[in-house]
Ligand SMILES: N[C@@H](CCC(=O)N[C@@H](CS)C(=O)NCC(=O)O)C(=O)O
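The chain below stands alone and is given as structure tokens, in the form predicted on its own.
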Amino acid sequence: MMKIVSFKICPFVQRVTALLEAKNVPYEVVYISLSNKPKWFLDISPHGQVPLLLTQSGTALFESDAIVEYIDEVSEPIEPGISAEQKAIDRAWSYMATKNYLYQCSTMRSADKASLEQRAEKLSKIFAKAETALTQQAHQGPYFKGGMLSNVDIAWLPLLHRAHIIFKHTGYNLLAGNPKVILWQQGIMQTSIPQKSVSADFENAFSSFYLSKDTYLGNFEDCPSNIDRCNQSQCCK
């Protein structure tokens, strides 16, 4: 059985576990603390980062892109029969998502309103590109390419899942202005892959970091109304 070394709220790890869930490939997760990395992990991880995948033969694989490609090669594709050209297009859309994982993280950790708005505006550009693509292909959903789940959906899943949690707890919508992306997000969430690809306490761990009181969004966690109304009424200060 494959073994994934993970930090609970790492989006790069979730991309890997989401793919395994989508393919129904059994795996085991070992969680570590990034502030106190065990020696055995550092001994086999060239750059000391997660995810790290241990194959059934015990080989350690690193870098999420390489891990995802390995999983695709040793298991049945979630979208069979696509051309080499389409695979390249799918990889390009996937890279677009993964390149913005860390930027979404910094956006959610913004300490004040100005920083949040500035970062969210930049982040919104990637969602606007997805919105354009969905519009051009007369998107019928529920997934990026229509009725079949693909690697593009898996790559964007961490972004869409985290945006869902932020909206659920604060009313702040990182996907605002992109209705087709919001419908896509709903389709992804309904698969239950986002929930299955993380630990049982993921949402609590995520909220304790990204919605802590030293973040702007943390001041609006579990607010009874949306964040704009809270800004006016000061109901959650």
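Quantities reported herein were computed from a predicted structural model and do not represent experimental measurements. Note that residue numbering begins at 1 and tracks the sequence as displayed.
One more form of this protein, predicted in complex with the ligand, exists but is not displayed; see below.
None of 196 to 204, 58 to 66, 182 to 190, 169 to 177 except one has non-hydrogen atoms within 4.5 angstroms of the ligand in the model of the complex; the exception is 58 to 66. None of the heavy atoms of residue 218 is located within 4.5 Å of the ligand in the model of the complex. At a distance threshold of 4.5 angstroms between non-hydrogen atoms, residue 44 is out of contact with the ligand in the model of the complex. Taking the partner from elsewhere, residue 30 is found to have every heavy atom lying beyond 4.5 Å of the ligand in the model of the complex. Within this chain, residue 48 lines the site of the ligand in the model of the complex, having a heavy atom no more than 4.5 Å away. Looking at the ligand in the model of the complex, residues 10, 34 and 37 each place a heavy atom within 4.5 Å of it.
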